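Only one chain is given next, in structure tokens, and it is the form predicted alone.
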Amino acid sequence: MKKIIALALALVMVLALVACGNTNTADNKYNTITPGVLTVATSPDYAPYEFYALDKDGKATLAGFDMALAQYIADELGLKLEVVPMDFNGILGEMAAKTADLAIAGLSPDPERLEAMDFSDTYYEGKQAFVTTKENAAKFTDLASTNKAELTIAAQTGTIQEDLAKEFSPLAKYVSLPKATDIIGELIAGTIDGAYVEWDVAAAYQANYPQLTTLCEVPYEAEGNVIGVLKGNTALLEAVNTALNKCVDSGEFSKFVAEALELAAGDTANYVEGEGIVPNA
């Protein structure tokens, strides 16, 4: 009798463990770092992709079409969205260390980045620009005129714009800056002559800073923007692609872009490590 009772208790314990295991699997079927949560690394200084928009009361809200897309994907996957702001250059390390599920920050599918993350399908075709101030515009006639030793040219650290600066302006003095807002600030202050910036980002800043101007489009053969996905997480990658393509095909993503461009033309703020959210000048 005791053996029967012991066997029955053992069976109950096994069933309980199996049930518990099934629950955990169900709760985390996408193998996210934190069960039930989609952790997204981004660099919110890149309007209209990701930035802080200020309302009439000065309250900052994380905005941009990348952030709207992140929320859409989280909703489709039934996960809570957690956004982790950082400098763009830190995103690669974050993904390599496997401390974030996704990187959504206007990423181009650079082969070097593939070592730290997997890539989603393409969701946006961006262009590249060379930006200067109207005051400095007379120094330039075309892209070739940016390649002079007396010029100081900048781009954001860790971006493909750095590669473009080294390709098209190798003779110029190069300055690497951690944020797009840093680049705009240096341009306006006159400490740099020009910069390589993503086209829509340049347009967004020109809406707020009329002293800026785009010299020309910069040739670039990238496939467009992708989402970085935790390396080796096949289940998450498949789910992200399904949600991503649904968003694009339904026309929702086009709405996100239009809304982001409108917000980017208004008051914005910047995330500064150690200081938090700081309104842009």
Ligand code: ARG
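Note that residue numbering follows the sequence shown and begins at 1. None of the values given here were measured: they were computed from a predicted structure.
Below, we turn to the form predicted in complex with arginine (ARG), even though it does not appear here.
Enquirer: Thinking of Tyr46, Ala105 and Ile160 as one candidate spot, does arginine (ARG) come within 4.5 Å of a heavy atom in every one of them in the predicted bound form?
Expert: Every residue of the candidate spot has a heavy atom within 4.5 Å of arginine (ARG) in the predicted bound form.
Enquirer: Heavy atom to heavy atom, is Thr32 within 4.5 Å of arginine (ARG) in the predicted bound form?
Expert: The answer is no: Thr32 has no heavy atom within 4.5 Å of arginine (ARG).
Enquirer: May I ask you to state whether Phe130 is within 4.5 Å of arginine (ARG) in the predicted bound form, using heavy atom distances?
Expert: No.
Enquirer: Can you work out whether Asp193 and arginine (ARG) are in contact in the predicted bound form, taking contact to mean some heavy atom pair no more than 4.5 Å apart?
Expert: So Asp193 does not count as contacting arginine (ARG).
Enquirer: Considering non-hydrogen atoms and a 4.5 Å limit, does arginine (ARG) approach Glu198 in the predicted bound form?
Expert: Result yes; Glu198 sits at the interface with arginine (ARG) in the predicted bound form.
Enquirer: Specify the contacting stretch among 106-114, 206-214, 138-146, 74-82, defined as having any heavy atom within 4.5 Å of arginine (ARG) in the predicted bound form.
Expert: Contact criterion met by 106-114 only.
Enquirer: With arginine (ARG) taken in the predicted bound form, which residues across 225-250 come within 4.5 angstroms through any non-hydrogen atom?
Expert: Only a single residue, Asn225, comes within 4.5 Å of the partner.
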